[in-house]
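What follows is a single chain, given as structure tokens, in the form predicted alone.
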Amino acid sequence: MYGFEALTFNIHGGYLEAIVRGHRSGLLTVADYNNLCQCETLDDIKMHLSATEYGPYLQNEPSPLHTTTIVEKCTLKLVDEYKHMLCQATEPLSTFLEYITYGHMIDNVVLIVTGTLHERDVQELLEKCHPLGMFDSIATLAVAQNMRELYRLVLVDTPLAPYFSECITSEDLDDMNIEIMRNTLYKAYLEDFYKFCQKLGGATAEIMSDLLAFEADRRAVNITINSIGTELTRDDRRKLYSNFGLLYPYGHEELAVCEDIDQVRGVMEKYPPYQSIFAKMSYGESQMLDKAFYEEEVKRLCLAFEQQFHYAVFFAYMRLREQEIRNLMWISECVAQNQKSRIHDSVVYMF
């Protein structure tokens, strides 16, 4: 039915698409960021944000403010908007919106398991979890000693259960196993989300395929760079790459054998969409890579709003809002630590 979405989309999706496009117009602009970069204290940041959509969430916060408070309140706004959209959504949009939170669920599971391994207090860990990735039995993750127990005791009743089939082992949990678990879960999640979007068809499938393929390729590059110099074998590395994306399959074969960052760069420069990302870096350095990927992602997310009658705008809006919160966290940290000269190092501008 590609091209005919306009006939029926608005019956169920029109109201929510209008809502999400309205939210999008409330994202901070370059002018807002320039003003925030001039702030001398966190109270100045709060004062400037009071004129934006974050105002009601920060207005009752007493001084002195902390960076964590600003981030927490800004995240609360995102969660409130998400819950409102989810309450109004019907199938298949409601399932699509739930898929967006599975990444946060995986991060929360990994956070709790890692924290427990290092004997951190469970309550303290729960406070650090992302609110979009919470589920009922998350606090009991602390009792698990290995992957099998983790699945049997806790995760079997969560939406993540199908993704665990590939990483159920009896090995005790340690830092290396947990990282492999995170990447295996993400691989299964991205592939499942990709298949779901393909099933929806139309403009949703077209745009989401591009956005998820970019996410899969970025994860493949990060896995490669982070596993250089570790005991992870080439086959293990290849198993963590998603089975779709621009790099699949030939790019994955080449990435699996890379021994340093310059070899990764050589592989990625063969793919025109990624040439510009690696052109921003000098040889041998990877510090600016995250920012370059974020900038490319933001560009693609903004383009999702150029078409109508599709669900990708919901995914794009959530991601853009999360990037905005990362920007605010970085600016707040730089101001709090009196490092204003470094503010522009990590801020990714959107509009």
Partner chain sequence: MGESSSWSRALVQISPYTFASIGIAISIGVSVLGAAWGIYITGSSLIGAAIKAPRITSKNLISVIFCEAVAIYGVIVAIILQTKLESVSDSQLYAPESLRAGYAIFASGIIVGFANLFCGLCVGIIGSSCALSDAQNSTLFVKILVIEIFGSALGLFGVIVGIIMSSQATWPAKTA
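Note that the structure is predicted; figures quoted are calculated from it, not measured. Numbering follows the first chain given and starts at 1.
Below, we refer to the form predicted in complex with the partner chain, which is not included among the displayed structures.
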Stretch from 66-74, 307-315, 294-302, 322-330 whose residues place a heavy atom within 4.5 Å of the partner chain in the model of the complex: 307-315
Contact flag, residue 21 vs the partner chain in the model of the complex, heavy atom cut 4.5 Å: yes
Distance check, residue 10 to the partner chain in the model of the complex, heavy atom within 4.5 Å: yes
4.5 angstroms heavy atom contact with the partner chain in the model of the complex for residue 290: no
Exercise: residue 339 in contact with the partner chain in the model of the complex, heavy atom 4.5 Å: no
Contact at 6, 15 and 25 by the partner chain in the model of the complex, all three, heavy atom at most 4.5 Å: yes
Stretch 34-69 - residues with a heavy atom within 4.5 Å of the partner chain in the model of the complex: 53
